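Given next, in structure tokens, is a single chain: the form predicted on its own.
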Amino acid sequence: MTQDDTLQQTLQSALATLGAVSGLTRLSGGASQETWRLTLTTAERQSQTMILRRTPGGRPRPVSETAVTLDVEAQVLKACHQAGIPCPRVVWTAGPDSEAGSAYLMDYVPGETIPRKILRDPEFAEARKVLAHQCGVVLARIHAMPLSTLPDLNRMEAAGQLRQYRDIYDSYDYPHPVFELAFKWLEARLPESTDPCLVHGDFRNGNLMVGPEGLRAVLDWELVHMGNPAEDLGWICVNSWRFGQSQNTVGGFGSLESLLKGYAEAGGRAISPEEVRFWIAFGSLKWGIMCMTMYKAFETGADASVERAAIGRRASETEVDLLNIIYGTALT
């Protein structure tokens, strides 16, 4: 019996009150969690495609300063879906002591997440015209979520995050002069503390489910936290998430003007391009250090995959981006 067969039997037992499980298939994507597609057939013989999100092997994951547990992630998704934010509906959760391990089951949302297709295929030509504005609207709604409806989340201000990534960078003892410059540039421009709001933490092209008409759902909420709303607006503008379409500041598909217009129209607070510029620079530095972390995982053998080594080399791309932001005139 294969591991897939064992998991399907386990889910068949765990989900017996919901229906019969069939067609369990492991999906690619999701570096930190398992993602599975399955068909759930109810007693009334109604079939629905569902998505299972699960920790590797169902085992508890080590506590992280940034990523939340699957249980907390599911709670946030439930609250946001109930508030009308486009995200999958969670129908079942399981803790680490359950048969299936740490996991939750959610609705399948059809569409496309691969940035190359979203940015280039004719099918998404109309979507590209409206996506930046739609992202602004959805981010404003995320940031307006009532705190009373959410579980306890870490508060992550710019200064604290910058110290965290400085510590990670220093631990590698591998100096990057451009990163040193970026730390000093950011330290001199740290924003004042704001009233914290819900921040998605990884709102970018690649974590958005898109159809021909535009944005259908926001995915991958594991980095959710409380913080500055401008962080989300800057992250989607980081050049690494434009996937070769650098002329389009927002995700490679739209303009910052459209993003901020949608954000303001949906009730988001006034955020200036200069505020976004800070967070683009911060996001570029953060991704550069994350690339270093990927390479360290490869170097130490913790994850000897070619993917980790290849991503590690992308730190140099973020150095170019940082120089363009610091010395350039455009929001690059």
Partner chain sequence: MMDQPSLAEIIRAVRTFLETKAIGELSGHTAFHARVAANALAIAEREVTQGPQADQNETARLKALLHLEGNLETLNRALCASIRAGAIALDDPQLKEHLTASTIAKVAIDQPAYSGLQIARSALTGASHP
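Numbering follows the first chain given and starts at 1. Keep in mind that this is a model prediction, so the values were computed, not measured.
The form predicted together with the partner chain exists for this protein as well; it is not shown, and the discussion that follows is about that form.
Proximity to the partner chain in the model of the complex, taken as heavy atoms within 4.5 Å, picks out 242 to 250 from the listed stretches 258 to 266, 73 to 81, 202 to 210, 242 to 250. When the partner chain is considered in the model of the complex, only one residue from 119, 158, 197, 178 comes within 4.5 Å through any heavy atom, namely 178. At the 4.5 Å threshold, heavy atoms of residue 185 reach the partner chain in the model of the complex. At the 4.5 Å threshold, heavy atoms of residue 305 reach the partner chain in the model of the complex. Of the heavy atoms in residue 166, some are within 4.5 Å of the partner chain in the model of the complex.
Using a 4.5 Å cutoff between non-hydrogen atoms, residue 310 counts as a contact of the partner chain in the model of the complex. Although the partner chain is not shown here, in the model of the complex the stretch 310 to 325 places heavy atoms of 310, 313, 314, 316, 317, 319, 320, 321, 323, 324 within 4.5 Å of it, in sequence order.
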